[in-house]
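We begin with a single chain expressed as structure tokens, specifically the form predicted alone.
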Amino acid sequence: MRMQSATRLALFLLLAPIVLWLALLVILPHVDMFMVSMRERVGIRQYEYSFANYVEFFVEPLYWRTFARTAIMSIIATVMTLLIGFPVSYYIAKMLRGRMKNFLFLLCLVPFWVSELVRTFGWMILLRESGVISNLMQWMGLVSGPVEMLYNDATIMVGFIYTSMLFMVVPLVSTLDSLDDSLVEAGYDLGGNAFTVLRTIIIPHAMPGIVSGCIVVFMLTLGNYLTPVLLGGKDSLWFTEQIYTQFITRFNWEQGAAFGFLLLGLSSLIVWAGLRLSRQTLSQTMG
């Protein structure tokens, strides 16, 4: 009896921090955000509860177009990060051994030794009209004058891929590292080519890493604020900027909370759809 009590106490103490973290920092804030989003001001400190803030989102074209643009560009950034990160991860995990493998993996970590703000300003220094790349192109005679490469969708996409690459590479390297080389060799011995081995052996084995990396990259991109604002300028049309404007500029917390809850719903829906399409579960992905 005492042994069972001690086991339950130990289990309670182990679970207490994660339960408190989920309750105080995840569940309660989101419940409160939803309640705030349902409020409609009718006077000084007087509110009524309705869906008016959500209706406002669908009535104003700027809001839902920005919302759709944010979702589409986040998906594109995730796919591009995967396409670039997968060959890099495979090369690190299966082609290299020893110190060189550790060295290349360390190179992926180096940019994250500084904050996202510093990394983004670095791209601004490189790509601005008087920046390094513009001056280099003029010196080489490729252009006749300064070239402005900031404040467009391509620059925003470069920033997203750069800031998210590590979160794609790490789970892919971890998953591909566990792939038995004999399976790949058997695939070639049975007459398969590079594409067949990739499709039937490597990608299915790496699917948990692919899904987990895509989820993390998509969530980070969707909720990013610094990169689209700094690299895209005032016309970046990113939904987090709309949320910031409602909360900080207009002091309209009710509308801002509604926008935040819509963004949460969008991210949850797309993550669920990704899991369904890949036939993965959260336990497989996180495992």
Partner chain sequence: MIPSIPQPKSFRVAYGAYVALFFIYLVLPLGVVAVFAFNDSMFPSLPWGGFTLDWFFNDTQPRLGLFHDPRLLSSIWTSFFIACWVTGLSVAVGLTNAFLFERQDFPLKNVLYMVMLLPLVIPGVILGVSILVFSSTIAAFLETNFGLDVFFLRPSKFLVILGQFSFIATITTLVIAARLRKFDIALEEAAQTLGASKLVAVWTVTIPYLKPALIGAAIVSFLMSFENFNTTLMLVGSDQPLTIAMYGRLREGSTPELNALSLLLMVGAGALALISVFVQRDKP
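So that the term is clear: the rigid core is the largest set of C-alpha atoms that superpose within 1.5 Å between two forms. Residue numbers count along the first chain shown, from 1. Bear in mind the structure is a predicted one, so any value in this text is a computation, not a measurement.
In what follows, reference is made to the form predicted together with the partner chain, a form of this protein that is not presented.
Every residue in the set Pro87, Val114 and Tyr225 has a non-hydrogen atom no more than 4.5 Å from the partner chain in the model of the complex. Among heavy atoms of Ala71, none comes within 4.5 Å of the partner chain in the model of the complex. Met95 belongs to the set of residues with a heavy atom inside 4.5 Å of the partner chain in the model of the complex. The closest heavy atom approach of Ser130 to the partner chain in the model of the complex falls within 4.5 Å. By the criterion of a heavy atom within 4.5 Å, Asn135 is counted among the residues contacting the partner chain in the model of the complex. The partner is not shown here, but in the model of the complex the stretch 192-212 reaches within 4.5 angstroms of the partner chain through a heavy atom at Ala194, Leu198, Ile202. In a rigid-core overlay of the protein, Phe112 has its C-alpha displaced by at least 2 Å between this form and the one not shown. Comparing the forms between this form and the one not shown on their rigid core, the Cα displacement of Ile27 reaches 2 Å or more. Superposition on the rigid core between this form and the one not shown places the CA atom of Gly265 less than 2 Å from its counterpart.
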